[in-house]
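Below you will find one chain, with nothing else, as C-alpha cells; this is the form predicted on its own, and questions on how it binds or moves follow later.
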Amino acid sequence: MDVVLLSRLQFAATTMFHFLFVPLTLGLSILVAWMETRYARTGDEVYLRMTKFWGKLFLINFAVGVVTGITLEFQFGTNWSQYSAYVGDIFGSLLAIEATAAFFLESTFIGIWIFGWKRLSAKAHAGVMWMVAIAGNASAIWILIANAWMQHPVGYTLRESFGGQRAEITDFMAVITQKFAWLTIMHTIAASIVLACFFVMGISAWHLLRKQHEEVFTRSFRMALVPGLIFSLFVAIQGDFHAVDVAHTQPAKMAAMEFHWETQPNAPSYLFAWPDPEAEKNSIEIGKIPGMLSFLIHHDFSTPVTGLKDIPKDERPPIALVGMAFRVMVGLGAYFIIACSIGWFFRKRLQEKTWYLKMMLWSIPLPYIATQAGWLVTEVGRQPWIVYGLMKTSDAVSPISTGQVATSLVAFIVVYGLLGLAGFTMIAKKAMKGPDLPEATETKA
C-alpha cells in the first residue's frame, strides 16, 4: 500500500467511526427537546422521566462523538497538507465558523442544560434543550457546506501563491447557498432524525417486550413513530431530487451508482446488476426497466444519461463499491417507510404486537448501516477527486512516509476501537437499565 491509499483508509476509518455517533446526536437532541417541551407544557412527570432517560443517552453519545471527531481536523494538516495548502482559504474558513460559533454554542448550552435543572424554570430549561438541538444541527450544516464545496466547488478563483496555485473565496454567499450543499444538508439531517427515531423505538420495544416502564416507553415509541414515518418518506422523496442534482454535477458518480455504461436515451435501470469494470459492462443484469434511469434523472424517457464509457478510466470511481452502497441505502430507506407504516397502523396496540416490537428492536442497527452506505456513495463516488474537477486525491497527500501513515492508522484503529467499545457499552447499559423511578426523578429534578 502507498501513502495515498493508507491516508484514505485512515481518514475513512476515523470518519466512518465518528459518523456512528453524529446522526444520533443530531436527531436525538430534537426528540429530547420535544419530550421536555411536552413536560414544560403539561407538567406530566412521565415526560420528565422520558426527558431525563433519553437525555442521558444523548449526553453519552455526544461525548464519544466529540472525542472521535477531534482528530479528523488534525489529519488535514498531518496527512493532507497539500490539500490544506490548496483550499485552506475556503475549507478552513468554514471549519473555523463551525468550531467557533455552532460547536461552541452547542457545548455551552449542553452545560447549561446539565446544571440548570434546579436553576431554571421548566420552560426555560426546555428552551435550552432546543438551543442544544439548533446549535448541534447548525454545526453539522457548516461541516456539510464545507464537504459540499469539495463535491461541487463554486465561488472561488485560482491564484498563484508561493510558486503554486491555491483556491481563494471570491463569493462567500455562493459557497454557503449553493444547491448541492442544501440538498446534502436536508438529506443528512432528515436521515439523522430517522436514525434517532429507530433508536428510540428499538430501545422502547426492548422494554415493552419485558413489560417494564410501559407508560414511559409506550409514549416514547409513539413520539418517535410520527417523525420516523414523516422523515422516512421525506428522505426518499428528497433523495430523488438530490440524485437528479448529482447526475448533473457528478455524472461519473451517478453512472457508478446505477452501473450505467452506455450514454443513451431511454436509459434503463436494473433491480439487480453486477459490474465487470475490465470488460466495461455488467456481468449480471436482472429486472431491466427500460427508460427508468432517464425518467428518474431527467423526468423524461428520451433524454440520454451519461455512461461510464464516456468518462476516462482514470476518472471513474470504484464502481462496484459505490453501486452496492447505493443499493443498500435505497433498500433500507424503503424498509424504514414500511416499518414505520406498520407501526402507525398498530400504534394503539403496540404491546399486543410482540413480533413487531421484536422487528423494531432488531432494526436499531439498520439506520446506522444506511447512513454509512450513504457516506460511501458520497465520498467514494467522488474519487479520484478530492475537490471535484480541481484536485485529485493523489495530489493532496502530505510528503510523509508509508511507515508513518501505517503506524498512525493502526494506532487510530486500536484507540477508536476501545473508545467505541466503551461508548456503546455505556449506552447499552444505560438503555437496558431504563429510566429512574418517579421518586428518584423528582429528587434529582
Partner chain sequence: MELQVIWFFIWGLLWAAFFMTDGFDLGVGTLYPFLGSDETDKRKMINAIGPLWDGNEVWLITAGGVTFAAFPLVYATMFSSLYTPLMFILFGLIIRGVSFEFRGLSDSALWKKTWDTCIFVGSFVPALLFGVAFANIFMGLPIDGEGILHGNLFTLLNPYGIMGGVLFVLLFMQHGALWLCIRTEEGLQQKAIQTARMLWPVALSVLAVFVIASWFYTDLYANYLAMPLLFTVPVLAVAAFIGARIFLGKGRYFPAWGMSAAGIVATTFFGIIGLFPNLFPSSLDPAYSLNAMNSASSPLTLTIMLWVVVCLIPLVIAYQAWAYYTFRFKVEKEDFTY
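Computed from a predicted structure; not experimentally measured. Residue numbers count along the first chain shown, from 1.
Not on display, but discussed next: the form predicted in complex with the partner chain.
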Exercise. Among 65-73, 26-34, 387-395, 373-381, which stretch has residues whose heavy atoms lie within 4.5 Å of the partner chain in the predicted bound form?
Worked result: 65-73
Problem set entry | in the predicted bound form, the one of 177, 354, 100, 302 near the partner chain [non-hydrogen atom within 4.5 angstroms] | 100
For this session: Sort through 88, 239, 291, 318 and report the residue having a heavy atom within 4.5 Å of the partner chain in the predicted bound form.
Result: 88
Exercise. Closest heavy atom of residue 9 to the partner chain in the predicted bound form, within 4.5 Å or not?
Worked result: no
Problem set entry | Contact test in the predicted bound form: residue 362 vs the partner chain, heavy atoms, 4.5 Å | no
For this session: Give a yes/no on whether residue 40 approaches the partner chain to within 4.5 Å in the predicted bound form, heavy atoms considered.
Result: no
Exercise. Using 4.5 Å between non-hydrogen atoms, is residue 211 touching the partner chain in the predicted bound form?
Worked result: no
For this session: Decide yes or no: are 222, 226 and 249 jointly within 4.5 Å of the partner chain in the predicted bound form, with each residue judged by its heavy atoms?
Result: no
For this session: Using the arrangement in the predicted bound form, list in sequence order the residues of 85-122 with any heavy atom within 4.5 angstroms of the partner chain.
Result: 85, 88, 89, 91, 92, 93, 95, 96, 97, 99, 100, 101, 103, 104, 105, 107, 108, 109, 110, 111, 112, 114, 115, 116, 118, 119, 120
